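Quick setup: one chain, the form predicted on its own, written in structure tokens, and binding and motion questions come after.
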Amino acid sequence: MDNLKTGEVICKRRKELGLTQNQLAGILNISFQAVSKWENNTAYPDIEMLPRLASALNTTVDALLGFNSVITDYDGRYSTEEYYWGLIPNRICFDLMKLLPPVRPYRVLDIGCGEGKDAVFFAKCGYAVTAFDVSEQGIEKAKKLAEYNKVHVRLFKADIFDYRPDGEYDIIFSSGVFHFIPPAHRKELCDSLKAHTAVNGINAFNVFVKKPFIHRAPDGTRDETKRHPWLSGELFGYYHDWLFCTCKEEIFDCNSGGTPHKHCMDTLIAQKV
């Protein structure tokens, strides 16, 4: 979070609008001390506060968190006719089908759906799918993919900092997205997703893990300061009170960006019982 300089963004926008710390605090119905701590980077706004704060400062949550370069990055990847991530479903999708087969249209939420390959796969299998992504290009390609496969997916553009689930889901799924969440906001996010999961429902996520012996390949087109690898086992701790169906860590080879490198990833599939 420090690299994002959120406190500096808040201070700059507040002064541009001619607001004092007291005035901003009054708009948000909080203490001026809270605003002062944000601007000094000694505390961070709660995830629930971010949309209100962005509105008060006439900006976006993306801008508050330095997320704009990420949007540009992914819009660029998805701007071609080809599907950047291909069309083969994530292997987690098949694991979820074994645990909760579509004997009825179970409700699925796909967070950070990209170009929609997994969301469309779930819909083809009979699930009721809601999916969103921060990239407009990704959502448009997902809509085309759903139309081509003659299935309905509720698709919309949103980012993970703004979106709040609008009901219960039987499956909440996300792959390769949560490294955009700064550590200070992870527990709040997981608690929210857990609260919006139906009894006997499943959360399935994977996260990139930081290891001292694994170095990311340099890539000048991506701003790595917006990515926050997790610690080994960190994700599992947020779900300590759920039943673990899958709990593993693995290192694998990757060639994205054209330079061979490795990743370490933790994968969790857990059930609310």
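Note that the structure is a prediction, hence the values are computed from the model and not measured. Sequential numbering from 1, following the sequence displayed.
We do not show the form predicted in complex with a small molecule, though everything after this point is about it.
Though the partner is left out of this view, Pro102 does not reach within 4.5 Å of the small molecule in the predicted complex, counting heavy atoms only. Within 4.5 Å of any heavy atom of the small molecule in the predicted complex lies no heavy atom of Val153.
Lys141 falls outside the set of residues with a heavy atom inside 4.5 Å of the small molecule in the predicted complex. Using a 4.5 Å cutoff between non-hydrogen atoms, Ala158 counts as a contact of the small molecule in the predicted complex.
Residues with any non-hydrogen atom within 4.5 angstroms of the small molecule in the predicted complex fall in just one of 107-115, 143-151, 189-197, 121-129: 107-115.
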